[in-house]
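Just one chain follows, in the form predicted on its own, and it is written as structure tokens.
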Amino acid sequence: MIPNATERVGRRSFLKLAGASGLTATAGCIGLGGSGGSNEIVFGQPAAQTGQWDFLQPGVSQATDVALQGINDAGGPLDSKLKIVRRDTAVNPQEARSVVTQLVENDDAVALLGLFSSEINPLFNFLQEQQTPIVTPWPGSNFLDTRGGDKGTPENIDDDGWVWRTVISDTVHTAGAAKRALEQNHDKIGIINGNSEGARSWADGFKTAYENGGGTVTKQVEVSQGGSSYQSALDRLFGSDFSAFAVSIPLEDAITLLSDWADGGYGKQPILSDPLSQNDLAKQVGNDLNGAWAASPGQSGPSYDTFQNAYKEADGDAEINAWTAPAWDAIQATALATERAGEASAEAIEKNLGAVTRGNGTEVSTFAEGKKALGNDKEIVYRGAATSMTFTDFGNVFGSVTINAAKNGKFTQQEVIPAKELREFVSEDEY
């Protein structure tokens, strides 16, 4: 007897029912498939294959593909083949709207494994109308801190936010950045950020955590992205008194901005937003960037080694970044929710995402382990690669933060801030 009250249609029970009623429905009619055929389930993956964040996509695609192979090798959800349909949004909200529509209406995707903050926030009402779970490794925006998940009522989808993220929020890792800045005695700081949703979100989260910790932001400058020079913006920023300055802007703009900073000899301690701990930035700006650091989502989930071993054995040579392990977690949890639901419909998956990540049960690190346990009528709890993967009522996860610093053209790990040291910055009823 399975004690969890969340809706679960046992596969054997379903087949028994279908046989008794003489049902000869197609897989699509019984919720087992997408457009691909009678024994196929489709998850859609909106992707950053082009655009200013495209340098992060290869690691996410490789993690998704190797997990997909393992899921299908284990028999697939509901003994069906799982298929990923990946479509490029270029992290453009209007393109993302079109891609989501295509995935849901044309590809029959029953869940989506992507979308950035820059896409989710302006499209939030549209995404609610789709009634399709979005389990994404990308968004850090604090806009989602209280908007996603099932609100702790998995049976009632009326209050659901339909967005679940497998990466920690900006609220968490900017708390790590603020904590470290204050520990380094930077009690006055400047901020320069881009005008995109993601860039603003990081800057706002950092500012809130830093000021709550007792620091003072003496100057904040927002710039239009895509500029050929940021010299005048730097002049405005450095007209104030501070010992360190925080930078939140996409990589190509950051290369221009920080090259201007180096050429201008402004000095001070740079603190970078998490996407900027890229070797390309360190190489192109040069040794002037030595000592600059970024606080990024950590990779401290209980099953990180399982993920890493599978990733290394896979085809492809994409580097692991902060969103790679969360991408592995996203597809594993969604496939397990499908298996537990006994039905591959968007609503059934939505109702089971919390159930496979919370509470008590047999702890599993892969779909294969979970499918076996569920087949033995045991409850399961998926333990992730990036974090523990215990979804909060708002569809968030909590985890550690890694500090990476630039030195001689590359970033290397300097420190890991454990999740428990960041809890005081994040209220449970607001995350």
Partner chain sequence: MGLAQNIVFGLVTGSYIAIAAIGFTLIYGIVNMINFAYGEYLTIGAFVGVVTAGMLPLPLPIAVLIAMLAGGLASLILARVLFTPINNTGPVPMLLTSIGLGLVLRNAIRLTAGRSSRYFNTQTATFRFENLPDFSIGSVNLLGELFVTSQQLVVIGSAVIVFLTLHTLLTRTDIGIAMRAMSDDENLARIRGIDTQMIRDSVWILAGVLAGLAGVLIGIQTNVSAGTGFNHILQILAAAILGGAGSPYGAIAGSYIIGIVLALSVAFLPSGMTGISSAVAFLLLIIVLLIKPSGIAGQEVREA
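Since the structure is predicted, the reported quantities are computational estimates derived from the model, not experimental observations. Positions refer to the first chain, counted from 1.
Unshown form predicted together with the partner chain; subsequent notes refer to it.
Peer 1: Can you tell me if Gly51 lies within 4.5 angstroms of the partner chain in the model of the complex, counting non-hydrogen atoms only?
Peer 2: Yes, contact at 4.5 Å.
Peer 1: Using the partner position in the model of the complex, report whether Tyr266 sits within 4.5 Å of the partner chain, counting heavy atoms only.
Peer 2: Answer yes; at least one heavy atom of Tyr266 falls within 4.5 Å of the partner chain in the model of the complex.
Peer 1: Contact with the partner chain in the model of the complex for Gly316, defined as at least one heavy atom pair within 4.5 Å: yes or no?
Peer 2: Close contact is absent here: in the model of the complex, Gly316 is far from the partner chain, nothing within 4.5 Å, heavy atoms only.
Peer 1: Taking the shortest heavy atom distance, is Thr256 within 4.5 Å of the partner chain in the model of the complex?
Peer 2: Thr256: yes, in contact with the partner chain in the model of the complex.
Peer 1: Decide if the three candidate residues Asp158, Arg358 and Glu421 all line the partner chain in the model of the complex, where lining means a heavy atom within 4.5 Å.
Peer 2: No: no residue has a heavy atom within 4.5 Å of the partner.
Peer 1: Just one stretch in 320-328, 87-95, 123-131, 307-315 has heavy atoms within 4.5 Å of the partner chain in the model of the complex, so which one is it?
Peer 2: Single hit among the candidates: 87-95.
Peer 1: So which of Gly152, Gly286, Gly213, Gly226 reaches within 4.5 angstroms of the partner chain in the model of the complex, heavy atom to heavy atom?
Peer 2: Here the answer is residue option Gly226.
Peer 1: Under a 4.5 angstroms heavy atom criterion, identify the one residue in Ser345, Asn290, Gln184, Ser232 near the partner chain in the model of the complex.
Peer 2: Selected option: Ser232.
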